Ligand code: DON
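Shown here is one chain on its own, the form predicted alone, set out as structure tokens.
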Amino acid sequence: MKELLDRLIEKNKPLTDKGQVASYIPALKKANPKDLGICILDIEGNLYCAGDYDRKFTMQSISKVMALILALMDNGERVFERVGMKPADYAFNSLYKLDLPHGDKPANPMINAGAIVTTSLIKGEGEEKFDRLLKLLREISSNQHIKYNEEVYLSEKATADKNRAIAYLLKNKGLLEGDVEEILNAYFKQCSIEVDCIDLARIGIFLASKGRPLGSDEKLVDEEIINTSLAIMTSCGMYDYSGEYLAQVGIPAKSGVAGGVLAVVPNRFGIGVYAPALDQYGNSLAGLELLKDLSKELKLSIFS
């Protein structure tokens, strides 16, 4: 496995020159666009890593998976009274369909509008929403040292006019309850949680194991919630590129604009990828090509 990963890193490394590091959040511009790393953790606990796998980066939209899980734990299927389950055919940070006469709710929890709704549905006042999400993430990843990056958080908060517009539109439509700025604060912090590829692989094996952290028989999350989250990752996790990704790679995954990708092969692998140079959709360009090659080599597609 290690030789395979080294070979695929070398093959896809040139693609890091073809993407662009996210710049609309100023702190993200500091990433090295040439970074490319991967970790794979199997169900037996064997870990294989290659490339720049130990670089720290913020979860950004990958955190939407954790927020969805916690919102479902707190509210059950009532979550989907306020956010849909269907793929979006528009950019992840768009708000235009929400303001159309027939735009009743965000398409899914993996776009910004839907994620702000799911974060709002996490129980707790003030800092409690974020603290509960961080606690769950630490348990899932078996890493009590995970924390948020304050510089990225402040950078997101200072440049979040569009997310504020989305949130206040959601409030106007009756889809958001509570203080909007308090909800957004929790959302910005969750996006700023800092991880590496090993952490993502551990989160992935938790999902692949239907709600059990690696090496534990304790089920932290109900299997039905995991299945729902994986289904939404499969159909919506790569924004408006999700259909093509599903056909080409065929495994549940979620990307983030800092360059991370969380991928899950049910009952087999958790995968963490990092390459901060993005494609036009906001996904890791070299990271997706790396996953495509890996899926073909190991026949990982759930449709195989």
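All residue numbers refer to positions in the sequence shown, first residue = 1. Model, not experiment: these values are computed from the prediction.
Omitted here: the form predicted together with the ligand. The next part is about that form.
In plain terms, the part of the chain that comes close to the ligand in the predicted bound form, with a heavy atom within 4.5 Å, is 24-32 out of 38-46, 24-32, 261-269, 243-251.
The partner is absent here; in the predicted bound form, the one residue of Thr234, Ser155, Asn163, Ser94 having a heavy atom within 4.5 Å of the ligand is Asn163. Proximity to the ligand in the predicted bound form, taken as a non-hydrogen atom within 4.5 angstroms, holds for one residue of Asn149, Asn185, Thr228, Asn112, which is Asn112.
Using a 4.5 angstroms threshold between heavy atoms, Tyr239 counts as touching the ligand in the predicted bound form. Proximity of Val257 to the ligand in the predicted bound form falls within the 4.5 Å heavy atom cutoff. Residue contact with the ligand in the predicted bound form: Gly19 places no heavy atom within 4.5 Å of it. Contact check for Ile205: no non-hydrogen atom falls within 4.5 Å of the ligand in the predicted bound form. Applying a 4.5 Å heavy atom cutoff to the ligand in the predicted bound form picks out Gln60, Ser61 from 28-61, in order along the sequence.
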